[in-house]
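Okay, so here's just one chain, in structure tokens, the form predicted alone.
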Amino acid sequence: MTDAIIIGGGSGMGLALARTLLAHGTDVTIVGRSADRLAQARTQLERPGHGKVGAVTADIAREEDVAALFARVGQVNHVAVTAADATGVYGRTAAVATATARGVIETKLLGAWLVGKYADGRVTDSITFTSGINAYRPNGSNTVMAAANGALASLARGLAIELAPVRVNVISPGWVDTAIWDQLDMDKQAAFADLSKRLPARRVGTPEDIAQAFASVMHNGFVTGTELHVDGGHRFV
């Protein structure tokens, strides 16, 4: 048994969330596709006096992996899903490979649905998914990712009713400085500087910003079927 499962916990926002929860004594199991990345993350996270860290290699897009994950951990209080893969996703729809689009849907949306399916009867408190600003500010080069992220809000509302009293919510980050930007063909620092001038918060987000939002939603027993925007005001600019 573990207190919390973080799917995508080997890097970025998921790793920051694991660090936040562990510091408060929560036992955490991080999940991801890369055993090497999970091993490196586990080494970073293990600290005396903090919660215990476990690691499970699994692909959220594979039903057998999700089923095996929940069978292995048994009962768990919280599940957070931060897994994402942006490789080949960005560009005009006509230029994006159909296999890539299917992969986005399978990971972001169907993977979240599989979590709801196999969490039923095993999760006691909350499930929290990760959406994103492109669901609300599509720019002509992120259409399939925007569609997958936007659908998560509807999925969460449906599961919040179906799995009650387990709470199901969505965190929707704006631009966050994580390694996923390295998958994109762009000047990250120039793009961040430009956006920071326009955002009301005057900066892009950090993984720790998102981790704090996750922790708040996970532990507030009266929040369910809700999407929390943590985007520095990006929806308004």
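Owing to the predicted nature of the structure, the values given are computational and were not obtained by experimental measurement. In case it trips you up, residue 1 is the first one in the sequence shown, and so on.
Another form, the form predicted together with a small molecule, is not on view; read the next lines as being about it.
When contacts are judged by a 4.5 Å heavy atom cut-off, Ala84 counts as touching the small molecule in the model of the complex. Contact check for Gly232: no non-hydrogen atom falls within 4.5 Å of the small molecule in the model of the complex. Although the partner is absent here, Ser34 lies within 4.5 Å of the small molecule in the model of the complex, judged by heavy atoms.
At the 4.5 Å threshold, heavy atoms of Gly132 reach the small molecule in the model of the complex. Ala179 is the sole member of Ala39, Ala179, Met186, Ala193 with a non-hydrogen atom within 4.5 Å of the small molecule in the model of the complex. Of the stretches 70-78, 158-166, 117-125, 101-109, only 101-109 has residues with a heavy atom within 4.5 Å of the small molecule in the model of the complex.
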